[in-house]
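This document starts with one chain, in the form predicted alone, laid out as structure tokens.
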């Protein structure tokens, strides 16, 4: 079988690995100049750094497996997390149950209800029972309006903006349940986060190198113009004006891009894809001459123009980045948000007051360099009864498949889940190919 894959992110590379190991010919088309998809990097003082902050949890076993298989296990470092929340102009640590007790931004009874709700959710394995209710409705009922407005409300609004009230409780359940599942120690109080020294780009590059050595063709700087289908079957991929014939095609692109390049999708399938809405991800990355705070991951529960401040060098040593203190200012916005039309200087200017809210002493003179990154497929909006809205990986066009972050559910986005989904869709493609071969063999036998 000759297979074409659209997208050289970790999902596409994982699918290519499974397909190639079974002896199939695989060709990957990638519009960017690098492999990695949303795990692309840029250079800071000679060190690769992710454009969008990344770490893994101890239960991200698929990602750990790939890192170890690529011979990079010794470079995977596990570090105790430093997580906090900014509320009413004050930074509160937010890692252990005792930190919740000390979260004086809300009354003590509200803190107790927040803790009990978290303990309850970590013990719930059946996510399906939360599908029919919004996160807001469930949480307000469980913890009260004051506690919701002081913690989950601002975080949901920061992540989903005007879609916040539509987000399903299953999404929030996943955040609590999976986060606790990664913790160690008595009552799960200690959290360790993993980072690959030299960036996660290393294991992805090594995977791409091994695939290429094994005969997989990876065409970079080659955007796909159209996935060609005819009479209900896929025929190939048109890229750079040339049609490449394939027996099967896997699209790993976000729905909003897939719809543009695959005009032959059945109407009902395309309509289902269109129901899933996206928030753009944006990251303003700053290289500072001094620390901004002592926290690695700072959630923002005050009305600032960004939802999280991730100080990477409170996680990894600043010496790896030429002595620079690296800060990500993260935001998720709807497609019509003004920040998407701004350049890096305009975004920085609009974030200045927010930086001063984190550290009143902050001054623009601290900034040595700044970068701005945007991604239209940053965060699918997970609404109620989302499992009924997920497009099948089989598109309804014979030989044409879709696998992307809209299908990672009840989990949220993440390298581990994308790797797992890539392997899963490859196995489906192999099953379908085997069925076709058996059918053909049976027809020949009857003849």
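Computed from a prediction, not measured in an experiment: that's the story for all the values here. Positions refer to the first chain, counted from 1.
The next section is about a form of this same protein that is not shown, the form predicted together with a small molecule.
The three marked residues, 93, 177 and 314, fail to reach the small molecule in the predicted bound form, with no heavy atom of any inside 4.5 Å.
A heavy atom within 4.5 Å of the small molecule in the predicted bound form is found for exactly one of 386, 66, 401, 52: 52. Interface residue among 257, 85, 150, 196 relative to the small molecule in the predicted bound form, by the heavy atom within 4.5 Å criterion: 257. Residues within 4.5 angstroms of the small molecule in the predicted bound form, judged by any non-hydrogen atom, belong to 410-418 and to none of the other stretches in 66-74, 387-395, 410-418, 41-49.
At least one heavy atom of residue 223 is located within 4.5 Å of the small molecule in the predicted bound form. When contacts are judged by a 4.5 Å heavy atom cut-off, residue 281 counts as touching the small molecule in the predicted bound form. Taking the partner from elsewhere, residue 261 is found to have a heavy atom lying within 4.5 Å of the small molecule in the predicted bound form. By the criterion of a heavy atom within 4.5 Å, residue 332 is counted among the residues contacting the small molecule in the predicted bound form.
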